[in-house]
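Shown here is one chain on its own, the form predicted on its own, set out as structure tokens.
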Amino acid sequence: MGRWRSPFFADMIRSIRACKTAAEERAVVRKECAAIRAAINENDQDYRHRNLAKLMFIHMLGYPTHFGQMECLKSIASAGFPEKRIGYLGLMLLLDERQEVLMLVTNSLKQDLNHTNQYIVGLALCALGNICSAEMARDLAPEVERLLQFRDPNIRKKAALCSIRIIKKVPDLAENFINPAAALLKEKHHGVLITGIQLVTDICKVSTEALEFFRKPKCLDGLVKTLRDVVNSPYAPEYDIAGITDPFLHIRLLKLLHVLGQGDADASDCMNDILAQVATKTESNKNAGNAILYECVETIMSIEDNGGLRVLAINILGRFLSNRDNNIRYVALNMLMKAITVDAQAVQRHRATILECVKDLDASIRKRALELVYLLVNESNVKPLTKELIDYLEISDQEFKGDLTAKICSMVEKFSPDKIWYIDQMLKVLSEAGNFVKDEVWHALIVVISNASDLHGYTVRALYRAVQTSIEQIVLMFLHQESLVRVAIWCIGEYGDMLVNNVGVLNIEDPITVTESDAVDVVEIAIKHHSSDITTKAMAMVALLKLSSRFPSCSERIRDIIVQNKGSLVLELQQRSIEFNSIVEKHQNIRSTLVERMPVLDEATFSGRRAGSLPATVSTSSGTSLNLPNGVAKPAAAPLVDLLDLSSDDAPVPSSSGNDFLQDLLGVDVSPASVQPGTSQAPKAGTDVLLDLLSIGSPPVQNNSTPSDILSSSQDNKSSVAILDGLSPAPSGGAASMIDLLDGFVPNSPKPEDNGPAYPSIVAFESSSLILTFNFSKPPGNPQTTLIQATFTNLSPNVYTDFVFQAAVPKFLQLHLDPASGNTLPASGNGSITQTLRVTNSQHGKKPLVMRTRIAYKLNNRDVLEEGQINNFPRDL
């Protein structure tokens, strides 16, 4: 029985297309591949070209065809043109430059490049231009360079394209092609001229010598003349596209002028006139013209300064913004973002058009236009721009509101002319954007409000108006305007008396009448509404506690609202309810002092924290921390921080000093003072400082003053200082010392701990431009663990971007890296990046620390990698 012979190429395609399932297709392909393998084994030369065609089709379907690679090489080695053509086609399709088989074809390519038949020469150039490797480039560069002067223009064009591939693979060879490439710039054939210009452009990018050569007046004047001839050329049907003569040649010439004019004033002067001519004479009603204008604008913006030309270029981009084509508008916005750094005033003239693009239906255009508007904002135009964006915020798409809100908030915060305007705009954003506002934004608003003492009354009235909605709108308000509700609750709790008494009314306000009951109603709705989250309800609880002191007539109603949360399933709310109820019922003598208005929050500290330049908490305490149920560690010296503040995680933690804490809590001066000799200093055993101060179930201290004297606001501070100076916590064992002022429990006062010896800083890594410094510390009671503060400093004049630090340690060490403070390292030592490392040494005292480091960053869009090993750690780490 004879061997099954594969059908014709067309028959195979038909049979594959007729398959209804993937399994049928695989079966057909397997059968065809088996037949092709058999033909290869038998060295069937009659059907070699057909088998290669089938292999290429099978390869395009995604099936493996590596067994046919040698057939390509055999076809290339054939003498006839048809066999070589199918062989080179298979070579380009089935192989790539990474495969070792390709080395076998170098000799055949060299022979074909020197062939007398120009068509075979063309086949070899096409193959070399597609799959050339660095080794092949070095071997065959002389043949390609010679073919740049071949008599046939098609061969010269292919040789130029092949030369581009060679230069990209081996930049060192660029200088060999400078003179042949310069000769191609005088070509009349447009195809050869375009490839010659592209070759010159690529040579200039990799060779400084070539760049200086083509910047000479002889070469540059020739390029300018060529561009002028093309711009002024009459109608030529073979090159005409939409009424423009060869726009491809226009664009290639402009790209080359871009490269030559960048950073060279003399070259830029030579091309100013022709660029102005291109910008004014090119029609913009067709895509071909727009492409030329865009390239012309990019060239103008990149060459050396010429104010008139740049204004002309920006005006062209302004026309692009009015185009109906989305792609043209998008590239115009991109280019304007680059232009704003060069001539911001010229871009400002098109502000109205850019604002309209923010409202575009296309999401990409909206986002890019918003970024451009943000760059345009300054002190003089912040008010109109903010008004336009806030007006659009009301009708914008949901998916766009997040970006729009973030930009508006950043604009208002950065360029606000005064605090009243800042507060007004932020209230509008909170009302319109709702839950799209990030937490840090309303935190910042509260900080600003607390600092604007003359606007407290105005702000609380404005917020009351904002949340005073009808019953039908309450559900929507709590679902979509949670941030607004939180700020309103905080302000009502702090400044509720100003709201009721109309304190600080400004001329721009409308009169409003609010009773104490009305103010409590707002907070009660917030705490009882089912859609309020835990944070809102907790803030409402604090506000109610404060209002119970400010509104004595509503005290009983407020207590009833607080008590309703005693059985809450949320531990935070349950705890606050019990504590606050205890304050309202049992400790009315200290309530007014306890719920005084919060002190003014430090704007600089808050801004520094947001920027990441300060730690998340500020504490001078050296004591231990309490491990709370929610996993947040808080200093033991501040048991009432949660009670008195909105978010103790975001506020400075009081010092561990009992005097400082009581001073903050009660508003009395308890700073250390000299005590009169002979005064009794020692309290009775079992007496606690807080118990004495608050008069909770313990005998008074044997002293000249009583605890109630301390709390009396009319008492002289000096006497209270003397009392507090003589008090000390009772020794452990007295049960009374553990009783909290809120009938709870707190741990004993923490004792100062020894943080261990100090270790000297070291320079862990140093290069010509980068320094890495390590500072060491150890957590108390854990000698095996070392905290390393790594500081990176850039001494070079260039900014390092995408900065990443990596480290590796041996198995007896455990390493944890916290996130770095940033990924951009400023130049010239004008800033630094910090990163914390935690190293645990399981062989502490036996083996020293060692570490390998890797630092990666980008310098002028070029990847840089620096590695090193650190062996100079201090001993005993």
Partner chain sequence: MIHFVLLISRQGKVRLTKWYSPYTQKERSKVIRELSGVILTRGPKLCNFVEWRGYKVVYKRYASLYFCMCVDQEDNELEILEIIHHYVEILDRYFGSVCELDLIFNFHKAYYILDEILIAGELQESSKKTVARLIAAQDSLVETAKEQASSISNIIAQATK
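Numbering follows the first chain given and starts at 1. Given the structure is predicted, the values throughout are model-derived calculations rather than measurements.
Below, we refer to the form predicted together with the partner chain, which is not included among the displayed structures.
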Check, residue by residue, if Met60, Leu93 and Asn326 all come within 4.5 Å of the partner chain in the predicted complex, counting heavy atoms only.
-> yes
Decide whether Leu837 counts as a contact residue for the partner chain in the predicted complex under a heavy atom distance cut-off of 4.5 Å.
-> no
Give a yes/no on whether Ile13 approaches the partner chain to within 4.5 Å in the predicted complex, heavy atoms considered.
-> yes
Should Lys218 be classed as touching the partner chain in the predicted complex when contacts are defined as heavy atoms within 4.5 Å?
-> no
Examine Ala53 and determine whether its closest non-hydrogen atom to the partner chain in the predicted complex is within 4.5 angstroms.
-> yes
Any idea which of 281 to 289, 772 to 780, 180 to 188, 411 to 419 reaches within 4.5 Å of the partner chain in the predicted complex, heavy atoms considered?
-> 281 to 289
Of Arg576, His443, Lys537, Lys157, which residue is found within 4.5 angstroms of the partner chain in the predicted complex when only non-hydrogen atoms are counted?
-> Lys157
In the predicted complex, the one of Tyr119, Tyr392, Phe150, Tyr759 near the partner chain [non-hydrogen atom within 4.5 angstroms] = Tyr119
Heavy atom contacts to the partner chain in the predicted complex at 4.5 Å, residues of 238 to 267 in sequence order = Glu238, Tyr239, Ile241, Asp246, Phe248, Ile251, Arg252, Lys255
